[in-house]
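As a starting point, one isolated chain is supplied in structure tokens, in the form predicted alone.
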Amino acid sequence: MRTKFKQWAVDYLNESRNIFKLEDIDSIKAFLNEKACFLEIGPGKGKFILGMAEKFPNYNFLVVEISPTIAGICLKKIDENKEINNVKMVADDFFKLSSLLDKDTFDGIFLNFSDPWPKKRHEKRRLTSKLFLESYKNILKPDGKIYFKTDNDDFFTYSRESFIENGFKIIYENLDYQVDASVDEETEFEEKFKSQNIKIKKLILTK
């Protein structure tokens, strides 16, 4: 379901203290090089990334979100957690960001409940399609990992095949995943789906 446009959220992008513009690439790189760093593509309302940032204060977390409305909603949540200072956002297109980044930047990439884009003509928009996976290979460190979760059976099957076809190795697979609170956090979608007895599928992969 698409998020309805919210003007206040778009306006908030100009108020947030935790947003990077692409023209601030030197600041982005400084943040990424400060500590081990993880990227989330599509953070929703921010529950997952805020939980991870609180749990792992010695890591930095960057989120990228192309929808201005979702980005604004998420950023407000991040800003309200004033004790957390290791999360920043780029409210722009992932490929624009990745084209500016150095090779071997991230220790991990989180793909949580990404839009499955079920129609064949939209395949290139899927975050596990070939074009995205080639970009992940470039910005992931040699031992970096992709953490993938979905509720959608067809998208899971497609993504699993796509990962393998594009040179990724599965090191963990669970078709009825229950969150390991020592290393993971639930997203808003995850809470909702589990309450409906929908099984969560998870993969962890290396390149």
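All values reported here derive from a predicted model rather than from experimental measurement. Sequential numbering from 1, following the sequence displayed.
Heads up, the form predicted in complex with a small molecule isn't pictured, but that's what we're talking about next.
The stretch from 172-180, 30-38, 60-68, 152-160 that comes within 4.5 Å of the small molecule in the predicted bound form, counting heavy atoms only, is 60-68. Annotated contacts: 43, 94 and 113 all touch the small molecule in the predicted bound form [non-hydrogen atom within 4.5 angstroms]. Contact annotation for residue 15: none of its heavy atoms lies within 4.5 Å of the small molecule in the predicted bound form. Using a 4.5 Å cutoff between non-hydrogen atoms, residue 189 counts as a contact of the small molecule in the predicted bound form. Put simply, residue 132 is close to the small molecule in the predicted bound form: some heavy atom of it is within 4.5 Å. Contact check for residue 73: no non-hydrogen atom falls within 4.5 Å of the small molecule in the predicted bound form. Exactly one listed residue, out of 84, 109, 127, 101, brings a non-hydrogen atom to within 4.5 Å of the small molecule in the predicted bound form: 127.
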